[in-house]
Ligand code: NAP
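Single chain ahead, by itself, as structure tokens, in the form predicted alone.
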């Protein structure tokens, strides 16, 4: 058994200010990557730049990271970072900003690798510039994983790049959630839920690494009623939601994600579905299929969430993220692609048949009439 997370992680209020010296120790020229608006609205960008200014670290802000960052955006950011002579990258935002920061950190030190080649398996492990992660959503847990999900629109591919890029430092503060819309919090929380479920229902799950998802699922269950409620989430839950997300990231850092994540990417690339719901649509049916081989694990998950059955699990997810409609042709095309995705299929405990894949799609998506 093995457990490995080399990132220095702090989860607390005013985290950036409290651990300013940790950030200042990373480098002297910081290239900051964010989306266009959220990092300004929630104060995270100001918190980071105040620390950098006080420590005489020069910086440049790149605020063009889109949802589901593309190879084109990463290429543009890398060129800007090189021109600036950055020696470390700071990703501020959700998983998109942090994943793009990771990919940029890799390309920064490898000028012979083009952004469109990020998904190709390298002949040897590549170095990357240091990354500091400041998450502002409670879903991807990218601050605690080596994974970067990047989209290549030229070939219609959204997938994790085959490079290990753990952030050097992660500063996690729940206060940034106060500026997020309720549905965004729900969507990202469903992503964190998926990470933990897929980490347990996984051939790489063991007594050591499942400590994280089991604890995280208990925390998630304590937030469940607030997520399901139509009311604004109480500020007292922000820290718990962010902690849960980071724990979920630590979970998949050990096992990787499985079938629901693999199925989600087509919905995101071809339909523009937000990542959290795209994964969540498949989660209950996947859990049901796994129940044929690891029923005790499924019952453990349901118990931690205070749910009585997979049917209740599916109903909860529908309440949180609704449903998804596709054409029959699209559904069958997605299923055919998934049936040859060995990187995800081989992680299913007990194995998964082509018929099981079809069943998950049939149970999870509504076919348009």
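Quick caveat: nothing in here was measured; it's all calculated off a predicted structure. Positions refer to the first chain, counted from 1.
Absent from the display: the form predicted together with the named molecule. The rest refers to it.
Partner proximity in the model of the complex: residue 179 to the named molecule, non-hydrogen atom cutoff 4.5 Å: Judged by the heavy-atom cut-off of 4.5 Å, residue 179 is in contact with the named molecule in the model of the complex.
Residue 47: touches the named molecule in the model of the complex, heavy atom cutoff 4.5 angstroms: The answer is no: residue 47 has no heavy atom within 4.5 Å of the named molecule.
The named molecule contact in the model of the complex: residue 140, any heavy atom under 4.5 Å: Answer yes; at least one heavy atom of residue 140 falls within 4.5 Å of the named molecule in the model of the complex.
The named molecule contact in the model of the complex: residue 67, any heavy atom under 4.5 Å: Contact with the named molecule, yes.
The single option of 28, 300, 37, 318 touching the named molecule in the model of the complex, heavy atom within 4.5 Å: Answer to the contact question: 37.
Contact residue in the model of the complex, from 284, 147, 77, 115 (heavy atom within 4.5 Å of the named molecule): Looking at 284, 147, 77, 115 one by one, just 147 meets the 4.5 Å heavy-atom criterion.
Three-residue site 9, 91 and 215 fully in contact with the named molecule in the model of the complex at 4.5 Å by heavy atom: Verified in the model of the complex; spot residues all out of contact, no.
Which of 91-99, 125-133, 288-296, 201-209 lines the interface with the named molecule in the model of the complex (heavy atom within 4.5 Å): Going through the listed ranges, the match is 91-99.
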